[in-house]
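The form predicted on its own is given below as one chain in structure tokens.
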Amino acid sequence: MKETLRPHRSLLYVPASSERMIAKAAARGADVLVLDLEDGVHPSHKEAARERLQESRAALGAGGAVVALRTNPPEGPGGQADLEAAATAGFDAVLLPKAESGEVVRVARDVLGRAAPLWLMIETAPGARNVFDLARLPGVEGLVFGSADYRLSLGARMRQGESELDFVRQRILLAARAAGIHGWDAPWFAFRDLEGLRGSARRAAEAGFDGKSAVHPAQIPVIHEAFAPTPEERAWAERVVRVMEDAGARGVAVVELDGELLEELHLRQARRLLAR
């Protein structure tokens, strides 16, 4: 996985047509702000929102967050225009919705050039089927799970439970890790149910995701807490770093700590925990 200097625990979506929400978003504390030109914007407002991209991007970046743009699908209405505008607007990443085929991703990459890396939303049955190939395409640096559209793609019932999503969630995470890129879990749509979110986010963190999408600012502190190491995990990680660094200075590769044999992989895991 590509290492970054700042965490990517929370992805907060901000409608590109709402100047009020854009003005407030930089102070919400999200690690990543996703300016949304797709589902969050009525078709009658998309063109005006697209024309304000540079202004909106500057406002969102005022607090130091990573700023991404979610376009419309490249093959659909407005998708090509979104990508052309994004190529000069200075976004840190472009989030491509309903990514399903390598050809569509390559078209988007050709329009963007080197202006921004691509993150792909995996939210349909074809996208889930092709996710391992999609994750390895040049310019792709992240996968985002979109559970609502995925359920629609399957013809599944909309519900708040998540067990029926475990297969595709693990598939997306495995594809991301195999390609060495980021992976983010789907949002918890019941935004007032913070305890439900806490459990969902903790499961995503324990599974290995880098973070989780958020649909409301109130969800951000809960997501950050879930992805932070617990006091017990932090204490373990600090001890592992001390023991392994001391061992390394003595030229020793494997040491014992509390009856467990530690090696280089444990040191890497401990450092990753402490960096959250």
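We number the residues from 1 along the sequence you see. The shown structure was predicted, so the numbers you read here are calculated from the model rather than taken from an experiment.
Another form exists, predicted together with a small molecule; not displayed. Remarks below refer to it.
The small molecule is not shown here, and in the predicted bound form it never comes within 4.5 Å of any heavy atom of Arg50. The closest non-hydrogen atom of Leu267 lies beyond 4.5 Å of the small molecule in the predicted bound form. Contact annotation: Val243 falls outside 4.5 Å of the small molecule in the predicted bound form, judged by heavy atom distances.
Contact check for Asp36: a non-hydrogen atom falls within 4.5 Å of the small molecule in the predicted bound form. Note on contacts: among Val215, Ala59, Ala247, Ala237, the single residue with a heavy atom within 4.5 Å of the small molecule in the predicted bound form is Val215.
In short, of 133-141, 188-196, 112-120, 92-100 it is 188-196 that has heavy atoms within 4.5 Å of the small molecule in the predicted bound form.
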